[in-house]
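Okay, so we've got the same protein chain twice, two forms, each given alone as structure tokens, structure 1 and structure 2.
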Structure 1
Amino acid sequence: MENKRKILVFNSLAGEKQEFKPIQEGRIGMYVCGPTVYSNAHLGNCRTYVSFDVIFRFLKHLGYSVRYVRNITDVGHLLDDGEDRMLKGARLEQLEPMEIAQKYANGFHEMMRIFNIQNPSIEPLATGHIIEQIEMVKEILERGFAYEKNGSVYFNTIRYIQSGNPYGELSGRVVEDLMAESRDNLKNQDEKNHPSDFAIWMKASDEHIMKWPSPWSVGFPGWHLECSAMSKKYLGEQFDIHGGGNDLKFPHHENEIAQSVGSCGHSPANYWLHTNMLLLNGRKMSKSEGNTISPEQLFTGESKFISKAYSPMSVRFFMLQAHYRSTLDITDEGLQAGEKGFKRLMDALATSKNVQPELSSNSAPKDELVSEIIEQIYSDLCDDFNAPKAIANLFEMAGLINSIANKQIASTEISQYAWEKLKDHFSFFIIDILGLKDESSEANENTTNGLMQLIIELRKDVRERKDWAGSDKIRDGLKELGIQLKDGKEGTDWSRI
């Protein structure tokens, strides 16, 4: 499917909406900063990846071949006090750093599955790309934008600015504001030529566990360098879209741009897309202030901030009701409203599948309305991926579906062709683009699986008593219901006929 639609995206680097034009016709390279796997995925992560999941789905639908790269940071991400997040997690849980990385990477992937977020095309690990990061440090040094001090290598921001490069353009910062905001190891501040300089390679102390040999020292790469090296490896020196949370604009994305210019001579991405922050009851989430809620707490209802549990799909729907560039305020009332809205769409979806109205075979008055709503949803999504506006039009489609099913719209007012078009697009936008799914059918499937395992265990008991007639009765009865049992050396499996 060749895309002929004009797409507008809000480019954070330009501070305005721009028409999206890929570098290569029909192909898109998209890099989104992934999680640092030292703890469980938080809601901010989930909101960002839900947003980019919709973007990924929609761009593919429009006919683009999309290479979506989302990394895993498993080394080098420093806290404000200079401690590596991975090492802190390992120390607190008394595990090896790679155990921490594996444990929380598994948890992250499970949370992505729960939210029905599609896998990226490539998911590189920072620790798997140390060679590429060392090579990028060499390139930056060769071009004169970095310097080595006592085995560590720092990016020279003043030299970068003096060379005519606008450091701070993405985040809107000026270098004077950056002096006190560096997130590198505070004990090494006196090594820098300027406080705004940042580490691209850090010499490791003797007790540091995660370290590698390099031309400068045994050490580890800077956090910002990881994404620069991996995006370059898989998407090239320049690619189309770079995304992430708004909190990454500075210092992470700002420093990514500087590193790419320092090594390659140009910015890595043409369009920078950023999701906005989450609030909880109108306040910024803060663990220290106790104003926080996890995805797991939303699903179980075990939080003082909510009155009940909410399903993953109702939470996903709630997230999509706010534009990805807008703040999202999590409140119990908002979640309840989101749950009702999600149910309304799912009920209309079920109605569209189960009802078969007898309609006109010729063009009818309501046909044009169906086409107009569908086209409006495309326009909404092409306008900076505006899911909330698309959802509003999906509710209009739901109203049409219910009115046709309830015969409030006469059979002469809409054609059979328009009805098929209406229900197909309604299902497609909800399931394939917004990534929502009917949880009741999933729950029924889980119940069926559980019942079948119970029946298999009961039949096993019957067979152990050598009651062959009883065993055959269970097998034949299930066969009449369209279920076949297969006995083997390792037990009994079942499948639908």
Structure 2
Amino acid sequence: MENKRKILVFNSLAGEKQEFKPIQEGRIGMYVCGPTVYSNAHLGNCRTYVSFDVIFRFLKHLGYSVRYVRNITDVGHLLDDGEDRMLKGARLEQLEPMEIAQKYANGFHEMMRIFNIQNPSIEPLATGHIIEQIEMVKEILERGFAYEKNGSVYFNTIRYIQSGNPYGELSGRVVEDLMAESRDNLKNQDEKNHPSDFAIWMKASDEHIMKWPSPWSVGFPGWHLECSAMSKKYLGEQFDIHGGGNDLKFPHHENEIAQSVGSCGHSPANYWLHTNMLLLNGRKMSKSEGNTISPEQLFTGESKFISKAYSPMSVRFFMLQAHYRSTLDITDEGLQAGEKGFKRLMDALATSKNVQPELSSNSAPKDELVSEIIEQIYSDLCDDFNAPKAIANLFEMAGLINSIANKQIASTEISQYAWEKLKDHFSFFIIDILGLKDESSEANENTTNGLMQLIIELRKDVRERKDWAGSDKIRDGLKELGIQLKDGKEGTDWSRI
């Protein structure tokens, strides 16, 4: 446990990096907005959840007890035309609304598993918290920050602002602008008093299938409300971290803040973290413009944007090579570079486990370098979870490992103790913190290891007879199977191509 390191996080609320201080010593409550399960998981979702996965893993490692809540939205998310997203999906596919939700929730979970993303502590469903949402609407009404119109309830942003609350603080919206825009747009609003007001309860039309009774009407909750209600239920009125994609800042997160302040008098989270968007070939991903690629297409290679398939872990690695707050451009070249870099890292990891160098039992010159790099990686991660910088330092470690394995660093230059520390931390950072894993299955790996041992021994005899044709035949044959032999001073090693 590494507790008590100073962590800096970029807080969207402040627009700058701030020292992270949890409300309760040693405990962290973190809420991240989950997906709306009305269609297949989008690559952008994956990047966001990969980013928060690393944050979750790292905070736990630092010794914090983290409760990570990530919801699933299965109701209440309105489309442009006012139709519920779940209903739209249902009508198109001739399925029950909950069937749609289940189908895509399953798909989402499968994608999380494929990307090696750890499960959150709690994964609440919006439909499972209708009562809590109705309670929150009541509280907001009681405090006078909402009004009812024809069975629907709207949040009164003007009253909220006039009461001195900073609406727009998170997204940089100016209160005066919101106030000023009233007149022109007002005529387009049927029930809302002001364009910036938003629904917290909607009366359902007759054809609406997903609806629940409430004091105001048979209807359904507004989209922003579920996160407020569920974060409050599981993390309390005030918690530490609230995260999500950059595109949720406004209106979603802004409205969440308003709802929390409106119902219980204070902002829900101290630190707001936002992940940035994914681009494809320098342009935003857009289904309507055909500029999009799905996780499945990435894994199968079936897309005009890429030349080959990429494994989930090489995609995860590719994502982590960019900071979570930067946009990341997906290109075929970039993915290939990522894939090769990932392989180099994993090869070094395998090497570190396979070789058993005999090194100095006393402290040696390179020992300090090992400590420095490890310390640097901790600093990198403590500085707003800078995974790309940490990865750069992991490549430094890989270089050291390879040099030691090759005996390019003399045994007198580094101690046995430092070597153990080096390889343990190398594995720990890659596997446990960055959440990358070896993609070859273990059972196959054991068999293959044994077979390879045998083949290498046989080939050694052939080589000792200087039967180069026979030796090459073995090597070329293995290459056909995707296995590369590496003849070195210390004997022969191998890896997958």
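Along the sequence of structure 1, residues get numbers from 1 upward. Throughout, rigid core stands for the largest set of C-alpha atoms superposing within 1.5 Å between the two forms. Every value quoted in this text rests on a predicted model; they were computed, and no experiment measured them.
In this comparison the chain labelled structure 1 is the form predicted alone, and the other chain is not. Once the cores line up, the CA of residue 476 ends up 2 angstroms or more apart between structures 1 and 2. Superposition of the core reveals a Cα shift of 2 Å or more for residue 486 between structures 1 and 2.
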